[in-house]
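Consider the single chain below, provided in C-alpha cells and representing the form predicted alone.
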Amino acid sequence: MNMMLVKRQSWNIGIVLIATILGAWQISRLPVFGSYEARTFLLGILPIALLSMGQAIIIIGGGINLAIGAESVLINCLAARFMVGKSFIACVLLTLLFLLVSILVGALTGLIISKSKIADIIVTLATSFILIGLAMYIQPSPGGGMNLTLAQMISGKGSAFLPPLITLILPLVVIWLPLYRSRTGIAMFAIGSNKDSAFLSGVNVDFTRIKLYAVGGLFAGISGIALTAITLSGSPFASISNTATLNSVAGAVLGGVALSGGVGGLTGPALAALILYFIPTILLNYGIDPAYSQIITGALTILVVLAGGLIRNRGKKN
C-alpha cells in the first residue's frame, strides 16, 4: 500500500526534490535567509501558483483556458481602480464582488464553449482580447491601490510570511479538496479521460465544464486580488496577461497535469510555481538575461509533455 502511494505521488515527490534543490542553491547565494526572505519567495510565486492551480482544474477536465491571465489582470485592474482610498470593510465587500465577477466570467466562457462546440483554445483566446480591452478601459495606465490593512492581511508586512502562505494554502483546502471529493470532481476526471464515455455514464458534460471554468475563474480572481495586494496597483498590459497565461500552463504541466486531461492535482502546480520562480533568479545570478527564462520554461514544458506521453503509451502497451 505504501509503495502504491509513493508511485502515485512520484511526480509530486520529484517536483518537491527539484524545488528543494533549486531553493537550497538560491538560499546558499544569499548572505542571510530568514522570514523576510521566505516572504519574498512566497510573494514571488503566489499569483502564478494560483493561476497554475486554476488552469490545472480546467486542463484535468479536458479543456484549456488561454484567457486565465486576462481574467486575473481584469480583476487586478478592477480592484486597483475601485479600492483605492476605500475603507477596510468596503474593500472586503469589493473583494467578494470581484471574485463573483471572476466566477461569472469563467462560467460564461465555459457556457460559450459548451453551447457553441468551438474549441476551447479559440474561444478563450478571443475572450482574452475582450478582457484585456475591458481592463484597459477600467485602468488605462498603471496605478490605483488597495486598503493597506487588507493588503497586509493577504501579502503580509516586513518579515511576516504567514499571510501569503495562508493565501496560497487556503484555496487548496477550501476549494480544491471539496471539489476533488465531490461528484463534480469525479465528473471532471471522467470527462478529461474520455468525454464520450463520461457522457454515456450519465455525466452532464456541458454543465460540468461550465462549473470547472467557473472554478478556474475563481482562482484567477484570487490571483488578481493577491497581485493587487502585493503591488498596490493595477496594470492593464496584454504582455502581463500573456506571460501569466503561458506560465499557468507551464506550471500545470510541470506539476504533473496531463494536457490530454484526466490526470493530475493542484499540489504539483503549486510547487511547480517555485521552479518557475527560481529559473530567472538563477539566470540573473549567473549574469544571464532573465528573459531567457521563457526559453527554458518552454523547453521544460515540451520535455515534460513528451515524457508524459511516452509514459502513458508505455502504460497502455503493458
Partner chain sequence: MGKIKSLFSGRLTASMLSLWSILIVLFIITGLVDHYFFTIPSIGVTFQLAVPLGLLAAGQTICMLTGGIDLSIAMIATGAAFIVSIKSPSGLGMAIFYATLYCILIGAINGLAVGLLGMNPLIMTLGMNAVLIGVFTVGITTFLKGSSTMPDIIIKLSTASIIDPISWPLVLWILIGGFVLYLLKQTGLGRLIYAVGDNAKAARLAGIRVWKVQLTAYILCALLGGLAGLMIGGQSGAVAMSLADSLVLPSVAAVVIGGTSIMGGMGGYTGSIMGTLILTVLSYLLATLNSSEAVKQMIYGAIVLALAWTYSKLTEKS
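Basically, rigid core = biggest C-alpha set you can superpose within 1.5 Å across the two forms. Residue numbers count along the first chain shown, from 1. What you see is a predicted model, and the numbers here were worked out from it, not measured in a lab.
There is another form of this protein, the form predicted together with the partner chain, and it is not shown here; the text below is about that form.
- Contact check at 4.5 Å (heavy atoms) against the partner chain in the predicted complex: all three of A119, I122 and A299 pass.
- Shown alone here, A24 lies farther than 4.5 Å from the partner chain in the predicted complex, counting heavy atoms only.
- Although the partner is absent from this view, T127 contacts the partner chain in the predicted complex, with a non-hydrogen atom inside 4.5 angstroms.
- The partner chain in the predicted complex is not approached by L254, whose heavy atoms all lie more than 4.5 angstroms from it.
- In the predicted complex, the partner chain lies within 4.5 Å of some heavy atom of M136.
- L246 is the sole member of V84, V205, L246, M153 with a non-hydrogen atom within 4.5 Å of the partner chain in the predicted complex.
- Stretch 111-119 is the contacting one of 111-119, 213-221, 167-175, 94-102, since its residues have non-hydrogen atoms within 4.5 Å of the partner chain in the predicted complex.
- Although the partner chain is not shown here, in the predicted complex the stretch 63-81 places heavy atoms of I64, L66 within 4.5 Å of it, in sequence order.
- After superposition on the rigid core, the Cα of A299 moves by 2 Å or more between the shown form and the other one.
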